[in-house]
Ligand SMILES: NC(=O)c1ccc[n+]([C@@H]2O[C@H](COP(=O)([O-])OP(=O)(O)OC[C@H]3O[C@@H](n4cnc5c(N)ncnc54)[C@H](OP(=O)(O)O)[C@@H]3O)[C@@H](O)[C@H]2O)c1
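What follows is a single chain, given as structure tokens, in the form predicted on its own.
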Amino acid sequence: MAPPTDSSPPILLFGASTPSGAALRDLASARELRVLGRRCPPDLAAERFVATDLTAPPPPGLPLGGVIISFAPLWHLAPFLAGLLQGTGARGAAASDRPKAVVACSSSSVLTKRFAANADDQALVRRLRQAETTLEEACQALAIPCRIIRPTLIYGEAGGYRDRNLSVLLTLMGRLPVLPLPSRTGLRQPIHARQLAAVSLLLADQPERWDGPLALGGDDTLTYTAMLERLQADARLQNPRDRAGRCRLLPVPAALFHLLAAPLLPWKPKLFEAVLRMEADLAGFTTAHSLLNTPAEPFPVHPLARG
């Protein structure tokens, strides 16, 4: 990715207190950047922070000139930003006072959970789809390029913030001597938080590079079992005594695995369905390196969040 120039527009960042938000702040350290959120990150200068609550009506006078990048929950961002943009349009604000582009993270769950049986996942898909539509329509009304990214399985650590995906699996493997898995597991394409931040920055600066929602994954496609094995190998490399590296992954026939998972169904149907998704192929997304024009990065990309 080309380095930023003096003419690069300012960045307005939502969701700074996430691994991808922290990674983006690092990648764009030479840029003019403001963070909008409820709490100022501890390592951010106060003058670069604008107190903003996405669940409240937009306050007057928020800065909009520049590019907006968001890793905040889309169902909060979309109505907030739509109200802000509609107010800007009603006031007849000059083009220089409007965002040059909006890049917002949704989730690949819009695709992978659209046939989910449990009510929680069904509601999530509806919320995400409605939020995507709300944001796209608000931007379209003012001819502002809007790029929605649907990332899959974000992992990694940045700025002291850690993921809640693979770090949870590492913690689980550190506590269990044996982890049963179905004998055939589906494909995954995990993406590091830094890769997601880099693609978001690229699309904000070059919105013409993509039209419509972008389903985005990492550079490696591997089975769920292979993903865990690589995490274990990395754990052993970092610390030979790491208990996560010594957990035995036990493949069992699918029928037996389903029987073992069955008690979760009446107790935690969402978790039951998540366990069964180990067998589903959730891959085939655009790779980060193909957009960034960089060498592919094999999984796992560092730094990792440890349990």
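Bear in mind that the values here come from a model prediction, so they are computed numbers and not experimental data. The first residue of the sequence shown is number 1, and the count goes up from there.
One more form of this protein exists, namely the form predicted together with the named molecule; it is left out here, but the text below deals with it.
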* **Per-stretch contact check against the named molecule in the model of the complex, the hit in 144-152, 179-187, 130-138, 219-227 (non-hydrogen atom, 4.5 angstroms)** => 144-152
* Does at least one non-hydrogen atom of Ser106 fall within 4.5 angstroms of the named molecule in the model of the complex? -> yes
* How about Asn165: is it within 4.5 Å of the named molecule in the model of the complex, going by heavy atoms? -> yes
* Is there a heavy atom of Leu54 no more than 4.5 Å from a heavy atom of the named molecule in the model of the complex? -> yes
* Ala215: heavy atom within 4.5 Å of the named molecule in the model of the complex? -> no
* Asked: Of the residues Ala158, Ala72, Ala116, Leu202, which one places a heavy atom within 4.5 Å of the named molecule in the model of the complex?
  -> Ala72
* Using a 4.5 Å cut on heavy atoms, which of Arg126, His76, Arg98, Arg175 is close to the named molecule in the model of the complex? -> His76
* Could you list the residues in 24-44 that come within 4.5 Å of the named molecule in the model of the complex, counting only heavy atoms and keeping sequence order? => Gly37, Arg38, Arg39
